[in-house]
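Single chain ahead, written as structure tokens, the form predicted alone.
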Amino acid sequence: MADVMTRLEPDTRAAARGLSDLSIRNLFIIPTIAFLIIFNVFPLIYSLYTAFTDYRASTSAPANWIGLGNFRELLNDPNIWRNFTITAKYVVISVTGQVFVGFGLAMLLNRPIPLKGLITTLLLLPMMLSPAVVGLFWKLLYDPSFGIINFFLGLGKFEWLADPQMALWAVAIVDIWMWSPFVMLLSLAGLSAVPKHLYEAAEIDRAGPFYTFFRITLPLVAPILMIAIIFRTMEAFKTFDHAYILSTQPTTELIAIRLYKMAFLEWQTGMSSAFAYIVLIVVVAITNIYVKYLNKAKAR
């Protein structure tokens, strides 16, 4: 069997060149592995090393090993905890809004309506745009002088992005607008997979719409909805582009923005590497909690 797996048909072009199946497989796999090592594995290992040093990329001074010094300083810094608090609030607002809006749109589209394909395609357009473009676009919409949001809501010269209390909500609304279609797409796939005979049986039993939703629709769509929540929570923790463009308020300084400033404006390379690993640990911990509930939802 092994001999068959490493030989090609004698009349093929690859066989004429003296290439075996094993050689062809290696030609595809080895470059991929090399690419992953160079651009993924090596930066991870190198940044882990710098996290335990006082290295600064802006100077030619050698990196000195300081052990857990960077981690201790970060965990004792009240400003870092403030960044985490702001980010946690942002993630809750953003992901919750995306779930409600995305799932609501999926429920509306999960029925025969005219031009359903065109409407679905148009609703998917926001998540295909560049986050930087989305940030600039919404900055114009929020403008107190000529932005159409204040005009339609009748808010006059209200400054969304300059108000410390509303700036974070304004950034979260942009994220909801951009990524609700992602939740909608996954939810629509889950809704279309629900067996129709369950709804027919509920209709025969004269079950109301609320009973049908909470006993049939939601339990069966919950696993795929939880997957959407996992992906969006991970991405929300990494939000940078449109948040950085939209507002410079201290109340909108997410951990990704603080990490950027620490690494590329203050040039605290070792400190920023340690900060990045703290964020990684937090995201992995939250993801594991979600996966635990996802497995429970699948088991039901």
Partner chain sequence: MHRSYYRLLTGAAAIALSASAASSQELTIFWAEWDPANYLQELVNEYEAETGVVVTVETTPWQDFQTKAFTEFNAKGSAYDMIVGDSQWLGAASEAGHYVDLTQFFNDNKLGEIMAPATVKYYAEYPGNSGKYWAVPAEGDAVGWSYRKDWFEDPAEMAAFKEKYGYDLAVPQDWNQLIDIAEFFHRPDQNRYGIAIYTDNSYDGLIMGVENALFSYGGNLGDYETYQVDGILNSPESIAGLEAYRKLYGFTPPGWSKTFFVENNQAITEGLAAMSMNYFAFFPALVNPATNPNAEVTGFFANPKGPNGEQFAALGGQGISIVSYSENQEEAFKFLEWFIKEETQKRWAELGGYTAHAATLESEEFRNATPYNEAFYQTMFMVKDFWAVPEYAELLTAANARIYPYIVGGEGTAKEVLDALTADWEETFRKYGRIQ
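Just so it is clear, the model here is predicted, and its values are computed rather than measured. Positions refer to the first chain, counted from 1.
Here the subject shifts to the form predicted together with its partner chain, a form of this protein not shown in this document.
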Margin query: Taking its partner chain as it sits in the model of the complex, is Phe240 near enough to touch it, meaning that at least one heavy atom pair lies within 4.5 angstroms?
Written below: no
Check: Might Phe52 be said to contact its partner chain in the model of the complex, defining contact as any heavy atom within 4.5 Å?
Finding: no
Next item on the list: Answer with yes or no whether Ile224 is in contact with its partner chain in the model of the complex, where contact means some heavy atom within 4.5 Å.
Entry: no
Notebook entry, point to check: Is there any non-hydrogen atom of Ile45 lying within 4.5 Å of its partner chain in the model of the complex?
Noted result: no
Margin query: I need to confirm a contact call. Of Leu191, Ile86, Leu185, Leu161, which residue comes within 4.5 Å of its partner chain in the model of the complex, counting heavy atoms only?
Written below: Leu161
Check: in the model of the complex, which of 119-127, 139-147, 103-111, 176-184 comes within 4.5 Å of its partner chain (heavy atoms)?
Finding: 139-147
Checklist line | Residues of 44-78 having any heavy atom within 4.5 Å of its partner chain in the model of the complex, listed in sequence order | finding: Arg56, Ala57, Ser58, Thr59, Ser60, Glu73
